[in-house]
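This document starts with one chain, in the form predicted on its own, laid out as structure tokens.
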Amino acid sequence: MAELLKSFRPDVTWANAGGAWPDMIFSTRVRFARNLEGFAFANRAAADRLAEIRRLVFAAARESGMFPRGHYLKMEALGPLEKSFLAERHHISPVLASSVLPSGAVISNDEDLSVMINEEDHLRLQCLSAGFAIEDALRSALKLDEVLGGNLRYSFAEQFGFLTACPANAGTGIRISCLAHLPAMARLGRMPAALESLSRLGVIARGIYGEGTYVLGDFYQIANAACLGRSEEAFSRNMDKVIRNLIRQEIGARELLMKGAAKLKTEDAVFRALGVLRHARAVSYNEFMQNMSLARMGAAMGWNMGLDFSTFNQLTLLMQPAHIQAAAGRALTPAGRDAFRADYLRKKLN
């Protein structure tokens, strides 16, 4: 197994149950899209210019002092499993993982800060924080943006703000997102109406890995849709209101599932799911996410699942396909992954 995978810690700091509402908000991310002045956008730049952008960003990141003992990675030097592992940890996107041109990533040692290089834009700076922590994540991301911007000249126009490859990202270039676990709303069939309401507020919901991915385990990545026309702080305040409203809706849905005949049906589903996690001999990642979602909801409702939310969160990361193979120390077939995953869960939960 590649040395890179061994260099990452099994437990991820931003996946611990921290911040506010850890039973509903897995993590908060603040991302900035930036491009360097004097270079064509990544989708139009020649390979030698992309390599030069990467060299400049690596140098600025090293000089910043914000990535001590960090990882400086060239995408073309990584294998498919390594790229999948980094995507599963939300350090790179599926788009960057598939790139064949000079691109890269810088990742801090404790994995809360990272920079994608030559994805859609020259830089995608991001901060990840545990739980519902928009203010803290914004503060850290702004600091990273300011420090790197002191050594790199960003493309900026007075009229439009920061210039980006996609017009939707122009202006502040900010994307604030929370990974929200909303199983009760999903169970009651309320998510379609909630998602429609979000779109009217300038907010979008995506799958667990972001744009172009599907929903797993009732996790929704909730983010602002536009980056222009407001300050970073104004976008932050709006997202705070949106997430708090979703939290209130999820609480209301959980209360309904705890009443009357619905309680027995919900409790039965929750403990059946826990039984699968504890005793199954083969579990796919989709099946794990489905059952983990119910068990996690049971813990949020006050039932004894024998697990805290940090453990639920860490398992959600560790049960992913590339993480399973990293834990096994070898490449596995899909059937082999399912068997290893089930064995891992039995040891962890019993």
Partner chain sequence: MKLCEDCHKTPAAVFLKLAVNNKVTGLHLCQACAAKKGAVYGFESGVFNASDIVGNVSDYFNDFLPRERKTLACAACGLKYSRFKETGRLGCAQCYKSFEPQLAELMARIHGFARHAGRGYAGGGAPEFSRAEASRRGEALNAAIRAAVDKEDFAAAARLRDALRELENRHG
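From a predicted model like this one, the values you see are computed outputs, not experimental measurements. Numbering follows the first chain given and starts at 1.
One more form of this protein should be noted, the form predicted together with the partner chain, which is absent from this view; the next part is about it.
Segments offered: 318 to 326, 297 to 305, 277 to 285, 49 to 57. Contacting the partner chain in the predicted complex at heavy atom distances within 4.5 Å is 49 to 57. This chain is drawn without the partner chain; in the predicted complex, the residue among Asn245, Asn109, Asn238, Asn151 with a heavy atom within 4.5 Å of it is Asn151. Ala170 is the sole member of Met75, Ala273, Ala186, Ala170 with a non-hydrogen atom lying within 4.5 angstroms of the partner chain in the predicted complex. Interface residue remark: Met66 is not counted as part of the site for the partner chain in the predicted complex, having no heavy atom within 4.5 Å. Among heavy atoms of Glu88, none comes within 4.5 Å of the partner chain in the predicted complex. For Gly229, a non-hydrogen atom is located within 4.5 Å of the partner chain in the predicted complex, even though that partner is not displayed. Residue contact check for Ala193: none of its heavy atoms lie within 4.5 Å of the partner chain in the predicted complex. Although the partner chain is not shown here, in the predicted complex the stretch 33 to 50 places heavy atoms of Glu37, Gly38, Phe39, Ala40, Phe41, Asn43, Arg44, Asp48, Arg49 within 4.5 Å of it, in sequence order.
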